[in-house]
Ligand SMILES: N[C@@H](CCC(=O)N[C@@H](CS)C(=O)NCC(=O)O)C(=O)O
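A lone chain, given as structure tokens: the form predicted alone.
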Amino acid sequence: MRLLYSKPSPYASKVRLCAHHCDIALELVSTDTSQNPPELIAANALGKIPVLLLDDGSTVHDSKVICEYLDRLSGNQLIPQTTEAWLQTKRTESLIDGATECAQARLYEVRYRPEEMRYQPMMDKQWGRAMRALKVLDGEVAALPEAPNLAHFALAADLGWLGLRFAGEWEDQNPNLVRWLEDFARTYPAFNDLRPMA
């Protein structure tokens, strides 16, 4: 299987962490979405990464769906199957991915709009949403199980991206998340190679 990805992407990082955990080999294809490469557009009409290209020619896109697919291939090594544990895992993934999406909206406003066209109230609203989600997760992170699952990989990848793009803007308010990420990087050393990188 081949994965269209980019190193900075938190969602691609999450997929790579999940594949590593399940011992599923992926051929990595670095992909620049700004160039609308034909292989990407053919695989995902939205032009977004990550995209998993299967050996039979079909594709799987959106990190949540790819991780669900990897979980099925691995015999549920990523997502607990009891209702309570499943809900905790998927809720954590959804909340941290949502926080990242909001932070990305702020980043893209600066990256793609001239300064005179930026809309500060929208940027503030998106950042406020991201910070609310992080505050909830800061209070809940201690309840994650010891054995890593999809929630751990989503949280690590997204926090790694926030540290890459917004260093110094969220850590002081979320000390439990900062400590958790440091501990995760120590106990799961593959993260240091698979985390979002510029």
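All of these numbers come straight from a predicted model, not from anything done at the bench. All residue numbers refer to positions in the sequence shown, first residue = 1.
Beyond the structure shown, there is the form predicted together with the named molecule, which is absent from this document and is the topic of what follows.
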{"query": "The single option of 165, 129, 135, 48 touching the named molecule in the model of the complex, heavy atom within 4.5 Å", "finding": "48"}
{"query": "The named molecule contact in the model of the complex: residue 104, any heavy atom under 4.5 Å", "finding": "yes"}
{"query": "Touches the named molecule in the model of the complex: residue 169 (any heavy atom, 4.5 Å)", "finding": "no"}
{"query": "Any non-hydrogen atom of residue 33 within 4.5 angstroms of the named molecule in the model of the complex", "finding": "yes"}
{"query": "Residue 9: touches the named molecule in the model of the complex, heavy atom cutoff 4.5 angstroms", "finding": "yes"}
{"query": "Residue stretch of 149-157, 169-177, 61-69, 135-143 approaching the named molecule in the model of the complex, non-hydrogen atom distance within 4.5 Å", "finding": "61-69"}
